[in-house]
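Coming up is one lone chain in structure tokens, specifically the form predicted alone.
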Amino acid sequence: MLSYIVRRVIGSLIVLLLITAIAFALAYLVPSDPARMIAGVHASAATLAEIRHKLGLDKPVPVQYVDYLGRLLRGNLGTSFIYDRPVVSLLKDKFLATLPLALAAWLAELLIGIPLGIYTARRARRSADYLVSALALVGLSMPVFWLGLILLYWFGFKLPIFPLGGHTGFMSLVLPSLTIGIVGAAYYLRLLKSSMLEVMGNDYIRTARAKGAGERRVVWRHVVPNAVIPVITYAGIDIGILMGGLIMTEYTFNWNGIGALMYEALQQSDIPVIMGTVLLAAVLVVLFNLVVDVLYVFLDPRIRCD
């Protein structure tokens, strides 16, 4: 068990190192000149050279990357070209805005998708299964921004039940979290349904039924605990992605969080913010994936025997 956890931690650290290299490479893929953005279009060559020297842009690329890693270890992600604020401070403020939306959207996905997944698996190849599966396919096909605009139009404008945008309290969470929940629930539904159907075909399930165990007991005692493991994996990665920023949803609902910050940074070619948001999103995904891997130790006895 301990060796399993150690391997997962080492693997996560290696992935994080690779992510820093990718985030650093983004600075050279963005077609813009940081010195020109800071000094303006009419800056002299001497001014541009001074800014590049101050930012360390005149050093060889490998040296810049080592300096970048050194700053990361000190918690320094640079300074935003647009806001003229430390990127860490910006990310902290925006993350606190994104966090309640991400958690509400994640819960909406689970509360919609998991019950429907169990329902359709227990009624496989019946009319209810075909109907719910067709609705799930529609949910998978809908762009998030389109569904968000539809919900805003009907429940924010036509029937002014919820706010039209911004984050002013619990009511402002409902429409954006429901938008993400409807689309994301389709993934959980399909994943759990297929996993349950696979488990139901195993010999020990047929043995439990042959011994007289009721269908409800078979489903909740034997099928669901074994079928839910892939769902836990996806849920762990999903919450990391949601906390890393919901670009289209935050833009649609005027939610001033990580996603909106990333969108604005891309529009303005604010390279430190782009690198910071990408790095934050990746770290969150790796972190929650590591948490899920550790949970496997307690969920799967075979890993405890490793």
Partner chain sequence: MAHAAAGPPKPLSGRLWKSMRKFPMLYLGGGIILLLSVTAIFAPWIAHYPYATQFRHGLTASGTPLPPGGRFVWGTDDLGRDVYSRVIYGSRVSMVVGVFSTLISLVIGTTLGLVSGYFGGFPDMVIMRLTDAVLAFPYFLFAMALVAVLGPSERNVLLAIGVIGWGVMARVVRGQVLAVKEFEYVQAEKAIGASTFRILFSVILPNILGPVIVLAAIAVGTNMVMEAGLSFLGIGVQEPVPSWGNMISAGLQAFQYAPWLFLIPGLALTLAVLGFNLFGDGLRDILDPRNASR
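Positions refer to the first chain, counted from 1. Since we're looking at a predicted model, the values are computed, not measured. Here the rigid core means the biggest group of C-alpha atoms that line up within 1.5 Å when the two forms are laid on top of each other.
In what follows, reference is made to the form predicted in complex with its partner chain, a form of this protein that is not presented.
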- Message: Given the stretches 111 to 119, 130 to 138, 201 to 209, 216 to 224, which is the single one in contact with its partner chain in the predicted complex, using a heavy atom cutoff of 4.5 Å?
- Response: 130 to 138
- Query: Would residue 150 count as a contact of its partner chain in the predicted complex, using a 4.5 angstroms cut-off between non-hydrogen atoms?
  - Reply: yes
- Query: Is residue 244 one of the residues lying within 4.5 Å of its partner chain in the predicted complex, judged by heavy atom distances?
  - Reply: yes
- Query: in the predicted complex, does residue 248 have a heavy atom within 4.5 Å of its partner chain?
  - Reply: yes
- Is there any non-hydrogen atom of residue 65 lying within 4.5 Å of its partner chain in the predicted complex? no
- Joint contact, 142, 263 and 278 to its partner chain in the predicted complex, by non-hydrogen atom at 4.5 Å: yes
- Task: Pull the contact list for 157 to 188: residues with a heavy atom within 4.5 Å of its partner chain in the predicted complex, in sequence order.
- Result: 157, 164
- Message: Aligning on the core only, does the CA of residue 276 end up 2 angstroms or more away between this form and the one not shown?
- Response: no
- Query: Core aligned, does the CA of residue 241 move at least 2 Å between this form and the one not shown?
  - Reply: yes
- in the predicted complex, do the Cα atoms of residue 179 and residue 245 sit closer or farther apart than here, given a shift of 3 Å or more? closer
- Report the direction of the Cα distance change between residue 10 and residue 245 in the predicted complex, compared with the displayed form, as closer or farther; the change is 3 Å or more. farther
